[in-house]
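Consider the single chain below, provided in structure tokens and representing the form predicted on its own.
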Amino acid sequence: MTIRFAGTERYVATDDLTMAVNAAVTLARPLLIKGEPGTGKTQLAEEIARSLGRPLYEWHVKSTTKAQQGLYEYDAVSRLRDSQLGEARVHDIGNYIVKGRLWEAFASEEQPVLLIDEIDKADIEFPNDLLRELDRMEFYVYETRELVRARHRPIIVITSNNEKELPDAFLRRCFFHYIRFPDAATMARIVEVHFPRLKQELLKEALDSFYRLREVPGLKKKPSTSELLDWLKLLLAEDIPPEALRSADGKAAIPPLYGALLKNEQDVHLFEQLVFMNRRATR
């Protein structure tokens, strides 16, 4: 049976993105997804699993994460403690092998979706340390002398925020896709999923204000899709009218509840300066 992903009712996937997902599945290669924070990279894996009716295993990578943790860990401390207490289970070393997310995905009775989230947070060697396991779909447990093979090759989604470059050897084994920031038309479709009864006038003014803000040169952190959705939720909760978002001269104006969009004082100060300069120029 051919697996085809086409987005879901709660996840708006562009044609390019659905094509990338299906290409990675066809090639049986990990799908490496990059893009600005807040563009739905992590949610993509959740929606692929939901759309295809497959189990999802999530491995959220941190700066201290080691590749070995995705396979398994040997809990030597617990075994030492049990031996001191005279526990019978101490004689079976398998009782102290803690399965990682890769092992759990490999053991799945049906083809799973495996998310390796924010792989670029870890050490530069982390991706290379997974090459053999992702290629061969197997690994060896030295403590129990057991070879673990994947029952089904997982659909692997790997996300990166481009915090550091990934090794060439790793990149060669992936199908790559960059999620471009949604244009206004695509963003309107995304908003429709979350706010189906939003008035069109408010949507238009909110999107105009949002994209004007993103175009401000020098912003340290541009507002993302998730921040736009938070802002809209606040606008509705506070019953802010569309005209309150409108700039009379079409130039930058400080939007109400801007704290949902701008996340640091440098960007707030920069935007306030821009608005002040625009007002002086129009006098």
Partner chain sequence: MLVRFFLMLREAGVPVSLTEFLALLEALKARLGTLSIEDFYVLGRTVLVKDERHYDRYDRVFGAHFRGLEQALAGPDARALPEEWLRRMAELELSEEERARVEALGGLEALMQALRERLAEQAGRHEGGSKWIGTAGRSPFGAYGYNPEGVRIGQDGSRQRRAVKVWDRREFRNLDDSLELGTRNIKLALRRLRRFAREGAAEELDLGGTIDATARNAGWLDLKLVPERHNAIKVLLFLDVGGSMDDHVRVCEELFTAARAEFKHLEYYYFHNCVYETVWKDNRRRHAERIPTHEVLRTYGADYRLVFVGDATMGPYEILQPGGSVEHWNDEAGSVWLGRLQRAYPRHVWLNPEPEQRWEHVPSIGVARQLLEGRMYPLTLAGIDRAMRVLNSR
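Positions refer to the first chain, counted from 1. For clarity, every value in this text was computed on a predicted model and none was experimentally measured.
The form predicted together with its partner chain exists for this protein as well; it is not shown, and the discussion that follows is about that form.
Across the proposed site, E163, L171 and R180 without exception bring a heavy atom within 4.5 Å of its partner chain in the model of the complex. Partner contact region in the model of the complex: 73-81, out of 126-134, 73-81, 104-112, 149-157, criterion any non-hydrogen atom within 4.5 Å of its partner chain. Only one of E143, E87, E192, E138 lies close to its partner chain in the model of the complex, with a heavy atom inside 4.5 Å, and it is E143. Out of the listed residues S226, Q69, T26, T42, T26 is the one that sits within 4.5 Å of its partner chain in the model of the complex by at least one heavy atom. Using a 4.5 angstroms limit between non-hydrogen atoms, N95 is distant from its partner chain in the model of the complex. Using a 4.5 angstroms limit between non-hydrogen atoms, E272 is distant from its partner chain in the model of the complex. Contact annotation: V268 falls outside 4.5 Å of its partner chain in the model of the complex, judged by heavy atom distances.
Contact annotation for R214: none of its heavy atoms lies within 4.5 Å of its partner chain in the model of the complex.
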